[in-house]
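In structure tokens, one chain follows: the form predicted on its own.
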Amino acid sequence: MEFSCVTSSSSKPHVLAVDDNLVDRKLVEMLLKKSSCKVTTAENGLRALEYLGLVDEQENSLESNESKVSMVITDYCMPGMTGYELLKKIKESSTTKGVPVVVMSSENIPTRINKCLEEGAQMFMLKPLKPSDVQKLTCNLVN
């Protein structure tokens, strides 16, 4: 099922999908690809930071990746670094603070949701994601 918001393949939004659960990561990847997005996946927050060039020793070495990422979608509960901590690091960096971040979780906890939104998350979504959720994401990316 293709969504109408993304019209041309040359302007495919590039989404970095971060989730420690392989099944959830593959589901998000599949839904985004069906919505005409280019998807890069990472299994944890540290890998996402490495890809974005935000790991201390790589501060400017991967700056081209940041400019290619239209959005980051991350799970909230992950070992090592939570999605909230990843969100904070992305928003603290001058090179990535403008990249929209969507946080997702299987737990509907209002205080968690509010904390993420206050820290700068574009949206908070409940897992498992559905095609209609992804349509909202891709419409936000192109508008």
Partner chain sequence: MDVISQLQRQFIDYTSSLYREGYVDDQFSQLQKLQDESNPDFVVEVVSLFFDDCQKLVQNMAQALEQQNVDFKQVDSHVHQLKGSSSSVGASRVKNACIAFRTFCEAQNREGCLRCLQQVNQEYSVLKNKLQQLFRLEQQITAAGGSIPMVE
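Source: prediction; values computed, not measured. Residue numbers count along the first chain shown, from 1.
Same protein, other form: the form predicted in complex with its partner chain, not shown, and the subject of what follows.
- Heavy atoms within 4.5 Å of its partner chain in the predicted bound form map, among the stretches 99-107, 113-121, 86-94, 44-52, onto 99-107 alone.
- Not displayed here, its partner chain is approached by residue 21 to within 4.5 Å at the level of heavy atoms in the predicted bound form.
- In the predicted bound form, residue 68 stays away from its partner chain, with no heavy atom inside 4.5 Å.
- Taking the partner from elsewhere, residue 27 is found to have a heavy atom lying within 4.5 Å of its partner chain in the predicted bound form.
- Looking at residue 37, you'd find every heavy atom of it more than 4.5 angstroms from its partner chain in the predicted bound form.
- For the stretch 113-131, the set of residues having any non-hydrogen atom within 4.5 angstroms of its partner chain in the predicted bound form comprises 128, 129, 130, 131, in sequence order.
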